[in-house]
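Take a look at this single chain, the form predicted alone, given in structure tokens.
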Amino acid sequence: MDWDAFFTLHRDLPREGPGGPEDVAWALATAGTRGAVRVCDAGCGPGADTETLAEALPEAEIEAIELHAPFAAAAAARCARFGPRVTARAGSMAELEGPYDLIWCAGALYFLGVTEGLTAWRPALAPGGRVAFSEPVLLGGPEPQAVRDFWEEYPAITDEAGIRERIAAAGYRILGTRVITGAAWEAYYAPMEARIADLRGGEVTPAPEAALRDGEREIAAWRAAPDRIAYLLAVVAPE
């Protein structure tokens, strides 16, 4: 992949994956996370969920970590209004220190692997700590070709039962799950569509045509099966 072209396309997008404030609210309620807690947004992207976490948890200390330094800088700028209780830095989510009462990870745990990531994060959890993460999921039954095409580059994808097996293999129990489809994905792809139009129109820094076509193909693949292309949001705790 041409990462320079990828980041040119994704620069200034409000978020780097499907989701919304309602998903954060559900996860916090399911985890029982409230009050003066310490939270990590692992793989925070440009900070959309970091901001939502900070708004939902006004007494919390929140640390956002992102491997891509420009995204970390964007998250820091986005959350500057919260003052020193919310920080964002460039770093690896594979090396969390904690202790955290909640680790939130939207659509990024697959970089480590569900079992591998949860295992690595266990020492970073405070007593009673929880992890909330979203992972690509197949919804079961015959899968439309559009779904198979969309997830072609992620052959490790499974149905919910497979995700549950990977969670159990890390020694965690499941507190709740929620399927993310439809509007949460539109919230990701609609700004990307507008970004592609701006790049094509020369209104922002040009990007290679191949990167724009890749983005258009991804959006078109999602629009071919918006009710079948999904993430599973899971809230889990160590056994």
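So that there is no doubt, residue numbering starts at 1 and follows the sequence shown. None of these values were measured; they are calculated from a predicted model.
The same protein has a further form, the form predicted in complex with a small molecule, not shown here; the description that follows concerns it.
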| note | None of A29, A56, L67, V179 but one has a heavy atom within 4.5 Å of the small molecule in the predicted complex; the exception is L67
| query | Taking the shortest heavy atom distance, is A132 within 4.5 Å of the small molecule in the predicted complex? | reply | no
| query | Is G91 one of the residues lying within 4.5 Å of the small molecule in the predicted complex, judged by heavy atom distances? | reply | yes
| request: May I ask you to check whether A75 falls inside a 4.5 Å heavy atom distance of the small molecule in the predicted complex? | output: no
| Any chance E16 has a heavy atom within 4.5 Å of the small molecule in the predicted complex? | yes
| 80 to 88, 164 to 172, 140 to 148, 99 to 107: which one contacts the small molecule in the predicted complex at 4.5 Å, heavy atom to heavy atom? | 99 to 107
